[in-house]
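Here's a solo chain for you in structure tokens, the form predicted alone.
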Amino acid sequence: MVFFEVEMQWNVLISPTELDAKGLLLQKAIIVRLMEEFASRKASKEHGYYVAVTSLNSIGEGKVRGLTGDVLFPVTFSCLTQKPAKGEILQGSVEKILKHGIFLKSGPMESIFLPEKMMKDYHYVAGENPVFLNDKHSKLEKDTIVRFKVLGFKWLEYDRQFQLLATLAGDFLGPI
């Protein structure tokens, strides 16, 4: 997994009820609102998945919005992000098994598809709990940890996440 530390600038909106003359409560309100927005945005095409805020670098001068009285503060902060890369080797757990392949989850990445064609020597076995088996009795079932290679990925704006295509073709790939 490739992690990046990036500096970002966002605007944080604080309601008049959260404003305080002492300043400490205001700073706390800005940090809490920044963390809420950070968690809700999930990811971006440019930076990947937002993992954690590492530092609050600066808080700019607030600008009052006329109709609501809310105050908009420009904030600069550093954060860790994770972005998938083609050819990267990752580990994930099996979430769902279908006839045509498996859906995996790895960290914040929830849309990883491993097609049957990319699982060399594995074949689908239907049933109440479907699995993929190979001739060496290796089994891919729900919650199995799998090491896989990223073949490609694309950004889905409406879901604010990446969709990955995976393969087991390569040395030391497969169930762990």
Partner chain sequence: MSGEEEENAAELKIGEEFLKAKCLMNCEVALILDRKYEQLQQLSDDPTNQISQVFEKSMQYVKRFSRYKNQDAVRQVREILSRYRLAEFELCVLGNLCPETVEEAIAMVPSIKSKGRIHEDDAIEKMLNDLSLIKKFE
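Numbering follows the first chain given and starts at 1. In this text, all values refer to a predicted model and were calculated from it rather than measured experimentally.
The form predicted in complex with the partner chain is left out here; the points below concern that form.
The single contact residue among K142, K117, K28, K63, judged by any heavy atom lying within 4.5 Å of the partner chain in the model of the complex, is K28. Judged against the partner chain in the model of the complex with a 4.5 angstroms heavy atom cut-off, the residues H100, D135 and T167 are out of contact without exception. At a distance threshold of 4.5 angstroms between non-hydrogen atoms, K42 is in contact with the partner chain in the model of the complex. Taking the partner from the other structure, the partner chain in the model of the complex has no heavy atom within 4.5 Å of any heavy atom of N129. When contacts are judged by a 4.5 Å heavy atom cut-off, K96 does not count as touching the partner chain in the model of the complex.
V53 belongs to the set of residues with a heavy atom inside 4.5 Å of the partner chain in the model of the complex. Residues D171, F172, L173 of 155-176 are found to place at least one heavy atom within 4.5 Å of the partner chain in the model of the complex.
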